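Form predicted on its own, single chain, as structure tokens, below.
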Amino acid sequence: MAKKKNNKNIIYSFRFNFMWIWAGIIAAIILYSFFGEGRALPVTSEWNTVEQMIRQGEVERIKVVNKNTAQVYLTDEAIAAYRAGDENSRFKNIPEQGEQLNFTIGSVDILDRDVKQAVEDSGLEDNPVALEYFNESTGWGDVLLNILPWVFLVGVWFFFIRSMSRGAGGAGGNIMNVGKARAQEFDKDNPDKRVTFKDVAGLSEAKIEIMEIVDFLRKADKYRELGAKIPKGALLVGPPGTGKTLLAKAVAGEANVPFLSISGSDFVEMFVGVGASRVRDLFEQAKQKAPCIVFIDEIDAIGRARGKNAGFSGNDERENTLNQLLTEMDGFQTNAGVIVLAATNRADILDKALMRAGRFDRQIDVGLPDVKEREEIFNVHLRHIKLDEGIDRSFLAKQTPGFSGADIANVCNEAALIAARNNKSKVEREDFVAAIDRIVGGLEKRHKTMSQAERRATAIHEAGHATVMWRLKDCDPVLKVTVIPRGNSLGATWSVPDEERVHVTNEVLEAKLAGMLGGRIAEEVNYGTLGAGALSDLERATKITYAMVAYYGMSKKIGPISYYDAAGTRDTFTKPFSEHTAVEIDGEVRRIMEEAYQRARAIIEADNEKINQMADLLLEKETIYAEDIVPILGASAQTKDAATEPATEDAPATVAAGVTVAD
């Protein structure tokens, strides 16, 4: 029922729904099942029983219907006697009104003869049994009851077919369209949905490389005259949230051509041959709209290397889909003016045939943004947010190392939510800081129940982290220390590099290990006990140490050998090294961890009094910053090193920098 309002009255209008018919049919079946069978039914019998009743004078009349069914009507005395008789008698529940018995006859003449004979044998010629003959046609009620089950089955079948059409029928909404590609089209003539490079902040290197594709789509004749061929496909590779899909849309927007977008999972279907059919249909649509761009997101859903999955055979639907995609991109069918872009964050598991020249010729790396690119991304996402005048984008960019574009968008939205929650008219700097803390550390739990002794132990733990990291020049500078519980941690020590580190050495990793172990050692020195709160620190430290030995080749005993499997093709049940090497790796991991432990313990024992001073300050303020630590520990080792060490050129990147949080 829909309600419409006019100036004076409210008008209620009813909209017909096809499901009302089925609801009525079901209701009729239920009502009939409850009330239609309410009266007692006549007993189906045979002639021998009826003959015995005639001889006993219990039959009043017999009604013959359509020359094949005899309906027996008993006398009132007989009815009362049978209903009051033995409980086990089948005539106990015969109806009081209408017919009491019925049976099927073969011939009317034989029935007439047998009835007369039974009356004569009974000696009751003065009270004969009347025979009546009727012809009755089947009523509409019987017809309805006969066809109702078939109508119900047809309705259920129609309902399921309609549901399948919606789920797998493609754009046409018909089950016959199950093989059609469900690509989403972004029309070049729709300015509201058009995306250009102005909407994509950062990614300067990726834009330069992909501009060649844009230039070809704009000026294809210039390339054809020189005999040059543009790459048929480009693969955008990078971590999640870095803007691969947005970059592909911007290419279509800059070139002003149609853009067909589809996910790799849309090709995978339970029906055999559907995936390959959808690939063919996708390229047919693209050729009709050429020049255009086809974008396949998460292509690893169908592009996984063939023959690497033990659970799938050569006739697997996914492999058939991949074979069809290879054929479409290989030039067997002319796809003039159609450029295929694809995105994935798992390029190492893609089939080699998909990556060869002539298909996806190029891999464009879409990595995490640096500090300048993050500032540009903040400028894009802050355009529609009401900001305080003192917001510094460069400050926000420096506070978010390792963040992707999606993470930065989340920070901006979270900051606006925090400001609205606090009834502010503008989003301020502390809202962004709180948003970063929320995303990195988890939800703040100020009301978590903790005793004073537990809070003191947490403050000692975090002060231990901060002190070791403050004293070691290769650690990232400490930003702040807090004992406010967040997520699963009771406190945290935050460190953010002044300049993002692009080259990581063994000295940096060893200093990082010492900083992670500082909290556990501070508790051990002050309380003589080992707390379980250092689980996260020990887990991360152990992973880093194993990576140093087995992946980065930073152990002199093991040598410059890496057992890292970048392609992910190694058997997970076997190790790439012998048992003797495994023992040596374990020994080197233990040695490096012990050296970092002794290094951190020496710092903790030397500055234990200052650690307790910092813990007192933490219990008082709950959160302290670097400027609060300087009066206690003096200038940090990083500050002293920056003042004395000459500037050097950046080395090639090996490990991404990011916000470090020691629990």
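We number the residues from 1 along the sequence you see. Note that the structure is a prediction, hence the values are computed from the model and not measured.
Below, we turn to the form predicted in complex with a small molecule, even though it does not appear here.
Peer 1: Sort through Leu325, Leu517, Leu203, Val481 and report the residue having a heavy atom within 4.5 Å of the small molecule in the model of the complex.
Peer 2: Exactly one residue meets the criterion: Leu203.
Peer 1: Using a 4.5 Å cut on heavy atoms, which of Ile105, Ile79, Leu538, Ala409 is close to the small molecule in the model of the complex?
Peer 2: Answer to the contact question: Ala409.
Peer 1: Tell me whether Gly241, Thr245 and His381, taken together, all sit within 4.5 Å of the small molecule in the model of the complex, counting heavy atoms only.
Peer 2: Yes: each residue has a heavy atom within 4.5 Å of the partner.
Peer 1: The chain here is shown without the small molecule. Which stretch in 284 to 292, 582 to 590, 398 to 406, 225 to 233 comes within 4.5 angstroms of it in the model of the complex, by heavy atom distance?
Peer 2: Correct option: 398 to 406.
Peer 1: Taking the shortest heavy atom distance, is Asp114 within 4.5 Å of the small molecule in the model of the complex?
Peer 2: Asp114: no, not in contact with the small molecule in the model of the complex.
Peer 1: Asn345 near the small molecule in the model of the complex, any heavy atom under 4.5 Å?
Peer 2: Yes, contact at 4.5 Å.
Peer 1: Is there a non-hydrogen atom of Asp199 within 4.5 angstroms of a non-hydrogen atom of the small molecule in the model of the complex?
Peer 2: It does: once the small molecule is placed as it appears in the model of the complex, Asp199 has a heavy atom within 4.5 Å of it.
Peer 1: My question is simply whether Asp365 lines the interface with the small molecule in the model of the complex - judged by any non-hydrogen atom within 4.5 Å.
Peer 2: No, Asp365 sits far enough from the small molecule in the model of the complex that none of its heavy atoms falls within 4.5 Å.
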